[in-house]
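As a starting point, one isolated chain is supplied in C-alpha cells, in the form predicted alone.
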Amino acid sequence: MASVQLEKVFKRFGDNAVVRDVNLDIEDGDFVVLVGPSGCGKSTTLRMIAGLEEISEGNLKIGGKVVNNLSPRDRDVAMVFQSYALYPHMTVRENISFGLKLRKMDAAEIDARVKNASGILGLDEYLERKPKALSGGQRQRVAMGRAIVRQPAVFLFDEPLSNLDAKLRVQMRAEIAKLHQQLGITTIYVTHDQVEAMTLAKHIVVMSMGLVQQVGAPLELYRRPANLFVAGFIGSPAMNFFDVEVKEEGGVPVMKGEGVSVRVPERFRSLLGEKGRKLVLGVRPEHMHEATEGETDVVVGTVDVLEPLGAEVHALGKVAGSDLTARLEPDTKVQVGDTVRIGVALDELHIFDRSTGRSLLEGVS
C-alpha cells in the first residue's frame, strides 16, 4: 500500500489547461473519490496518476517517490476501467491470470493469487466460463479480479459502474466498499455520480473546470459546502437556491427575495454584514416542509410536478424565477398548480455571497 501526493499538478493540451494546480494528499489506505460533471478533469487526473497521461507541470508521488517519469507498469498501480476489456476467447481464470503470465510469474503463485481473488469476489464457480456467459456485474468483478491479483500499492477505478443497470450499480457499490475493507489498499475512484461518491468515499474531491473545489469527508461536504458549485452538486435532490437581500423587519434581519422571507438565524447575523447585502440562500429539499398557519420563515411558489415516491413526495415548481424542489409528507394534499407556502428549517440554512459564490458559514458550528 502507499500514499499518493499531487503537488501543483497541471495538464495542458496546447494552451488549454484541463487540470489546474491540483494539490492532493491521499493517505495510505484511504478511499478517495474524484467527482464532478463531464469535462471537469477528474478522469484526466486519474490517468496522470496511472501514467497514461503525461503531467505538464508539478509532481506526482506514490509512496513518497516522485513517479512522473515512470512507466505505468513501474508505478505499482492497477486500474479498472468503465469498459471491462476482457478477452472473449479466454476463461475467467485465464483473464484474471493473463497479466501475471506476461510477467512470467511462477505458476503456483499465479494459481494462489487467482484463487484468493476469486474467493474475495465470489467468482469460484465461474472460473471456467467465458465472458459471454457472465452478467455485466460478473464481468466487472472479473475486471476487478485482474487488478487484485496484481497486489498493487494503489487501486484506480475510472467510472467502473457506468455500464451497469441501477440495481447492479447498488450491488457493485457494496462489493467495492467491502473489497476495500478487506484489502485496505489505497483507492482512487472517479465518478460523475455524487451518490456513488457519498456512499463509497472516505474523502471526496469535488472538481469543476479542472480545479479542485473542495476536499472533505462526505458528510462534511454535505453539511458545509465551500461554495455554490459544491452545494449544488452534493446532495440528491439538489439544493434549492434563492436570490435574497438582507433587510430589517421589526429590528430583526431578514433575508428577502421575490417569494422568499426567512429570518437570519442569530448565530449568523455577524457574518452577513450591513443591510442591503445581496446573498444566495440555499435550502435542501429535505429541510423543507409544508408551512403551518402563521409560520413566517417561508418560500412561496407554484407546484408544476408531483413525484410520489412512497415514503415521501417531491414537489417540483418555481419560486419566482428560481427552481423549487421540496420533500413533502406522503399524505400531502398539495396538487399540481397549487400555490404553496413552504417552511424551511432555520438550523439547516446555507448562505452564500452572491458575487463570489463562497459560503459565508465556513467555521460556524
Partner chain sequence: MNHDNNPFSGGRILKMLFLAAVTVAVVYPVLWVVKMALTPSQGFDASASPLPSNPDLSNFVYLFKETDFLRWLLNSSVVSATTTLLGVFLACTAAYALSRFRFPLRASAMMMFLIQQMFPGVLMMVPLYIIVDNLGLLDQLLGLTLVYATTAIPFCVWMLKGYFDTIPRDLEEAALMDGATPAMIFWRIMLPLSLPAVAVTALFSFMTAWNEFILAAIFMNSSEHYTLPVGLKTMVGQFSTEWGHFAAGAILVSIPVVALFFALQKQLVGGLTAGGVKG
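Basically, rigid core = biggest C-alpha set you can superpose within 1.5 Å across the two forms. Numbering follows the first chain given and starts at 1. If you're wondering where the values come from, they're calculated on a predicted model, not measured in any experiment.
Another form, the form predicted together with the partner chain, is not on view; read the next lines as being about it.
Not displayed here, the partner chain is kept clear of Gly119 by more than 4.5 Å at the level of heavy atoms in the predicted complex.
Within 4.5 Å of any heavy atom of the partner chain in the predicted complex lies no heavy atom of Gly184. Using a 4.5 angstroms limit between non-hydrogen atoms, Ser236 is distant from the partner chain in the predicted complex. Taking the partner from the other structure, the partner chain in the predicted complex has a heavy atom within 4.5 Å of a heavy atom of Ala50. Residue Arg73 is the only one of Lys275, Lys178, Arg267, Arg73 with a heavy atom lying within 4.5 Å of the partner chain in the predicted complex.
The listed set Arg150, His192, Arg129, His203 contains one residue whose heavy atoms approach the partner chain in the predicted complex to within 4.5 Å, identified as Arg150. Comparing 109-117, 169-177, 236-244, 76-84 against the partner chain in the predicted complex, the single stretch with non-hydrogen atoms within 4.5 angstroms of it is 76-84. Shown here without the partner chain, the chain has Arg139, Arg146, Arg150 in 130-159 lying with a heavy atom within 4.5 Å of that partner in the predicted complex.
The two forms, fitted on the rigid core, differ between this form and the one not shown by 2 Å or more at the CA of Arg103. In this overlay on the rigid core, Val92 has a C-alpha that sits 2 Å or more away from its partner position between this form and the one not shown.
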